[in-house]
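Just the one chain here, laid out as structure tokens, in the form predicted on its own.
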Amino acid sequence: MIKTIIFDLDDTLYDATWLTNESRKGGLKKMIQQGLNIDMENASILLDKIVNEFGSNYHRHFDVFLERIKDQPNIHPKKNFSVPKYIAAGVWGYHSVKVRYLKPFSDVIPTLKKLKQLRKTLAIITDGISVKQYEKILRMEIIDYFDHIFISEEVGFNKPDTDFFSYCLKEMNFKSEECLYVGDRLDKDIKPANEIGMTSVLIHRGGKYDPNLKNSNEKTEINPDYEIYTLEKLIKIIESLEN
């Protein structure tokens, strides 16, 4: 019997790919509005390169961005190029977009409510910086649906380490066969879930790691137990497993 449903967070419960891209654009737009003389297309290309170089969790993308362009001719119409001013503008723009559009997918809350009605234990297992991940969960107002939240920075493991998943199951006092895990990535979600014996569900959200995308680098030999496109399908999967 399935007793607990465990979810990934980014691109599973909300559209992380879209929101991150739009937030970064929001930061660049604010810098340009404050006088930075660079076109949006070239600015976006450079910022994407910096994100790829330093990783998405690096907290000084805009600092590096400004450092790399500050000596370009006519980058600022005045002689005094204020890096702090533009960083502040970038942070302002980034968070304005993030706060406005950080919302769960439309199928999340109805499904969570149904799962709670079925008396299922609900949990999140996510990689990331604890404060940032909790901020997302709190802003989306979904924290009260979850009995357990495990974040890599707090736990000391990262996906796809099966010790991360095993630790979480031990803390919740569940056996792997009692758990169903839902995530959007084959490599970091489905693979470790399969390896420790959980029922694995791959959800296609169209994010950057969705294996349906042509440019995805996901390993196709990893096979989930189920594939879904909307979270409501979980209810039928659980019913089929328990009947």
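It should be emphasised that the depicted structure is a prediction, and the values quoted were computed from it without experimental measurement. Residue indices: 1-based, along the sequence shown.
This next part talks about the form predicted together with another copy of the chain, which is not shown.
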### Summary
Contact with another copy of the chain in the predicted bound form, heavy atom within 4.5 Å, among I109, V83, L122, I75 goes to V83
### Query
Quick one: in the predicted bound form, does every one of I87, W92 and I143 get a heavy atom within 4.5 Å of another copy of the chain?
yes
### Message
Can you work out whether Q34 and another copy of the chain are in contact in the predicted bound form, taking contact to mean some heavy atom pair no more than 4.5 Å apart?
### Response
yes
### Message
Although the partner isn't part of this model, could you tell me whether E154 comes within 4.5 Å of another copy of the chain in the predicted bound form, counting any heavy atom of the residue?
### Response
yes
### Query
Is D163 a contact residue for another copy of the chain in the predicted bound form, using a 4.5 Å heavy atom cut-off?
no
### Message
So in the predicted bound form, is another copy of the chain close enough to S130 to count as touching (4.5 Å, heavy atoms)?
### Response
yes
